[in-house]
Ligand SMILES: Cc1cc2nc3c(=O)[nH]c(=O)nc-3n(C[C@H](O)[C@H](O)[C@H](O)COP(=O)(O)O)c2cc1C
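The chain that follows stands alone, in the form predicted alone, written as structure tokens.
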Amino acid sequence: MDYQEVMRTTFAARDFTGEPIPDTVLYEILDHARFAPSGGNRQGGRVIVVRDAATKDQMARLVEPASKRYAAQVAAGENPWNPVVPTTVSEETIRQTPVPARLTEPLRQADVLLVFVVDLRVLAVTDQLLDRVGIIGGASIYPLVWNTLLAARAAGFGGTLTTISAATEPQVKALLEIPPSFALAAVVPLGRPVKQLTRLKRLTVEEFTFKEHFGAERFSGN
């Protein structure tokens, strides 16, 4: 599979066959992924490979409150966990919302969970003084996460980049003995997908690219 096909067909896999990923294959996936860039090439990302069923179950249980909030806000027509538009969903509604299996079960069913953390001591977070939610620090960890998913796709496996576990980061850090200076960036359930999607729905280049100014003429390449 060439790199263009990998880029165009790497999808969010949440349903798995149960087939294990051999350690040799997982090592090769991570060996390719490690060439992802990071700020100043300081390489502060670390990965915890979780195979233990009891630990995976506990990880799934920890995301239940955040997943219920997500589902309740979606049901209300909101963009869930949005940092700009305040939610109108009450805490009581969230408590009464069933736990969405789509957000929790992949953590149990995947052959392996890859927990990505990043050492905050080595990040250059240039947006830390702005009056908004910070996103710049992710540039030093998410390329590693995405490289992992691309390499997994090329090997015939798949997963999805989940961040819902960050809502209960203290509990996850306690469970996995993650040092205080590290932040939880993503949890990737990985396995052999039940289906291999090849046609993904994405915006066209013209729909998300502008010439010279935001909202100006669309860039078409012509």
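Numbering starts at 1 and follows the sequence shown. Please read all numbers here as calculations on a predicted model, not as lab measurements.
The same protein has a further form, the form predicted together with the ligand, not shown here; the description that follows concerns it.
Which listed residue (T55, Q43, T162, Q171) meets the criterion of a heavy atom within 4.5 Å of the ligand in the predicted bound form?
Result of the distance check: T162.
Does the 4.5 Å heavy atom contact test between L103 and the ligand in the predicted bound form come out positive?
Yes, L103 lies within 4.5 Å of the ligand in the predicted bound form.
Heavy atom of A12 within 4.5 Å of the ligand in the predicted bound form:
Answer yes; at least one heavy atom of A12 falls within 4.5 Å of the ligand in the predicted bound form.
Is there a heavy atom of R202 no more than 4.5 Å from a heavy atom of the ligand in the predicted bound form?
Result yes; R202 sits at the interface with the ligand in the predicted bound form.
Any idea which of 175 to 183, 45 to 53, 162 to 170, 32 to 40 reaches within 4.5 Å of the ligand in the predicted bound form, heavy atoms considered?
One stretch meets the cut-off, namely 162 to 170.
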